[in-house]
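There is one chain below, alone, in structure tokens, taken in the form predicted on its own.
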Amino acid sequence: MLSYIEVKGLSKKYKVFKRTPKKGIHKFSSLFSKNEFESVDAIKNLSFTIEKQDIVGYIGPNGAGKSTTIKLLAGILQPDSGTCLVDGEIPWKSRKEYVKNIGVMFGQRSQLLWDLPAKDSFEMLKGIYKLSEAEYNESLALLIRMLSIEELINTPVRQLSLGQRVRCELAATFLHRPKLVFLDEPTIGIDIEMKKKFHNFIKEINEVMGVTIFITTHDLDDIQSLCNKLIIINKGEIYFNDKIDKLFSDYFVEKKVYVELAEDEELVVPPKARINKREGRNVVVVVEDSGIVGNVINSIARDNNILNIYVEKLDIEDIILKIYKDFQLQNNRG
């Protein structure tokens, strides 16, 4: 049985202007010489599967190949090689029919008419997607309830706050009940309260509509709060492709153990642990081996007179930051 999205060996190259450093008169004459181009891999032999109703995080450093992948999955670009099936369809071959079942929301671009109320844009989208009156009214009523936008949709978009506009943008994205939605930097610029509302909405709409959601973002809180699967890409190739839990087990980042001593005395730490910082009776101990954290805590508690001890919660940001630093080192070597 096929997965909802099947990507196999997808590759895409771009031609970019080849810059050759020149000096003196050669630098001036190069302005009139024939331009030279070279091919650069945007993505290389990309393969992955996504199941229906997955919420997938797709992340990587700038220039990693994320935008190219999205354009291929949306049918905007054609690959140089490889195949892609989305619900049995090849996106770039049956694009006219295919785009009826997808939605796209860009955090920095609007699909709403700026000087008109959001409801006018919804009416326009109703015509574009050829929704019946019953389909339109049912979807709009659902989205108004879920996003609390009843008081907003009759206000010109330019008069709405950023958070209010985001809610209306979400309504526009899901109005035609798409099967697949791409969210590109959806929470950029919004405050903590609005981000929480956004997360709650995505979880609910995913459940209610059974929609598959593809998120590209630099806000790792979006990934940790929403996604059941994560794909990390670097220089056009997949680095990680699995469940979020697997990331935490596969990529251990040193943990910090915070200790409060009962008296101002030396702290005895076991092997494979080291004192990182000390301020009075408060000591930070670093553990670099994932398998011994519990043993280190037991040893410190047994061999020292302590008031309190706890382990810093490992955050996805710590892991991704370490992975990106490794990428940078690899790229510099290359």
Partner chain sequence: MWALFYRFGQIKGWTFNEVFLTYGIINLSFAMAEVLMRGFETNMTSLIRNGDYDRYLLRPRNTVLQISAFSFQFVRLGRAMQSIVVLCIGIVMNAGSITGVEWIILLFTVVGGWLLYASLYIITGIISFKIMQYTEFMSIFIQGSVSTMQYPMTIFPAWIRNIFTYVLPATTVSYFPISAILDKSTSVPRIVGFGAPAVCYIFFIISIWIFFKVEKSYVSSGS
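Residue numbers count along the first chain shown, from 1. Worth saying up front: this structure is predicted, and the values here are computed from it rather than measured.
Note that the form predicted together with its partner chain isn't included here; everything after this is about it.
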| item | value |
| --- | --- |
| Contact test, all of 145, 165 and 177, partner its partner chain in the model of the complex, heavy atom 4.5 Å | no |
| Segment that reaches its partner chain in the model of the complex - one of 207 to 215, 103 to 111, 230 to 238, 153 to 161, heavy atoms within 4.5 Å | 103 to 111 |
| Heavy atom within 4.5 Å of its partner chain in the model of the complex - residue from 129, 201, 136, 248 | 129 |
| Its partner chain: the contacting residue among 71, 119, 255, 195 in the model of the complex [heavy atom, 4.5 Å] | 71 |
| Contact flag, residue 304 vs its partner chain in the model of the complex, heavy atom cut 4.5 Å | no |
| Heavy atom of residue 67 within 4.5 Å of its partner chain in the model of the complex | yes |
| Non-hydrogen atom contact residue 81 with its partner chain in the model of the complex at 4.5 angstroms | no |
| Heavy atom of residue 87 within 4.5 Å of its partner chain in the model of the complex | no |
| Contacts with its partner chain in the model of the complex, stretch 172 to 197 (heavy atom within 4.5 Å) | 184 |
